[in-house]
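The chain below stands alone, shown as structure tokens; this is the form predicted on its own.
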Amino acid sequence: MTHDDFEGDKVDASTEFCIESSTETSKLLGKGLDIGTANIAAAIQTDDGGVAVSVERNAFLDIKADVYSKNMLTKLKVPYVVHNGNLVVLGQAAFELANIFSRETRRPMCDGLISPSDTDALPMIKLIIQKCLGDPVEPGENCYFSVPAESLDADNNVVYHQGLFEGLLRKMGYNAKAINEAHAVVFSELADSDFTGIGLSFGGGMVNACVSYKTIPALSFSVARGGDWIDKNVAQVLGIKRSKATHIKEQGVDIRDPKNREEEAVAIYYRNLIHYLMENLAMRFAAGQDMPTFPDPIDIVCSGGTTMVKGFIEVFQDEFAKIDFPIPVRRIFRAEEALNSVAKGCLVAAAIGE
């Protein structure tokens, strides 16, 4: 474990670091960063021309800083920081410990945006981003990062959120530029269709949609429901902790064929989320004044951690069939690496200067 200095809000000079660094050589084509409610993902191009993606869960857990706890975390090689008198476990390790001790993790982001109520949100998310992204190869390296679109069904301050992370990345030495996360999905997954089609990013805090015609976004919006919304409602109807609901969802549920009451609850809220999104997308198409004319049927690509449950695409296709969609659709598919798709799309945008 390494111990480095960090300058950031709410972290004093005595803050102690025990984080394993993850650095890889990157060409000067830039980097892509997906700042998600549930996960942070950074994409870089490797020396052999491939793409490497580093992913960390966007969560932390504070533990009382006593000798026993510190020795336990050190022995288990659990990443942590000492902050404001507490031991703070970051990322996936925080989620795993929360399940063991029946606690809820703290989340730096809420509903797709930086949390307005948690004073530790910004310094903790800085650490997670630094761990995933690393330092620029040279000052001014391009870093395209994801931002959500304005929501149809909630007031969200995207301007503040975008400006906050632009400033954070500039201080790290990057030339920071924002891109809508569903637009990034188009860059990542629809090259074979001349970057024409519909990109959907099912995140933890919200779902983003982008209708693109030859790389140009014709329509972008979000809905304030996502994986967290599913977890919250499942936890409420089952009377369990939200972290437990997340664990159920991520442990092999097939939403086409739920086996028990818990899985049935997950399946119900998945169907509701997908139907809600498709209704809103169809209505926006019908109301659009400047919508391009698509000469051929288009593709719909789904990405994001919330799509990784078994049966997602089949349930999506079932719900899509119930909607009178205004244009022909050729195929509906999930990104091959659904969790990494936004980060990879941000990398493509950085490489070509969007």
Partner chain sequence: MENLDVLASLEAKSRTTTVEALAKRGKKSVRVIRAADVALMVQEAVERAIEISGLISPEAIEEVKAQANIEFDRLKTERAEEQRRIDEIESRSVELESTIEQQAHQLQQRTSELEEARHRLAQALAKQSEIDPEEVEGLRQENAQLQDARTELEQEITAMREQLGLFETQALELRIQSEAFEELRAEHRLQLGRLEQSEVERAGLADKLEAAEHASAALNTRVEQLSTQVASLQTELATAKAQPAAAPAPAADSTQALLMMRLMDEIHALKQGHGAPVAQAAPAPVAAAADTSSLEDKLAKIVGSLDQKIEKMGKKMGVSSAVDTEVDFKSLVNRAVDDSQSLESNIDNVEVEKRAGAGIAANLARIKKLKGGG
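Positions refer to the first chain, counted from 1. Because the structure is predicted, anything quoted here is derived from the model rather than measured.
Separately, the form predicted together with its partner chain exists; it is not shown, and the next lines address it.
The contact with its partner chain in the model of the complex, taken as any heavy atom within 4.5 Å, belongs to V53 out of I323, V53, V329, I313. Checking L281, V78, A267, L97 for any heavy atom within 4.5 Å of its partner chain in the model of the complex turns up a single hit: V78. The putative spot formed by K171, F195 and V348 is fully lined by its partner chain in the model of the complex; each residue has a non-hydrogen atom within 4.5 angstroms of it.
In the model of the complex, its partner chain sits beyond 4.5 Å of every heavy atom of P258. Not displayed here, its partner chain is kept clear of A335 by more than 4.5 Å at the level of heavy atoms in the model of the complex. Within this chain, S188 lines the site of its partner chain in the model of the complex, having a heavy atom no more than 4.5 Å away. Not displayed here, its partner chain is kept clear of A224 by more than 4.5 Å at the level of heavy atoms in the model of the complex. Residue heavy atoms within 4.5 Å of its partner chain in the model of the complex occur in exactly one stretch of 175-183, 247-255, 160-168, 197-205, and that stretch is 160-168. Applying a 4.5 Å heavy atom cutoff to its partner chain in the model of the complex picks out E337, L339, N340, K344, L347 from 325-347, in order along the sequence.
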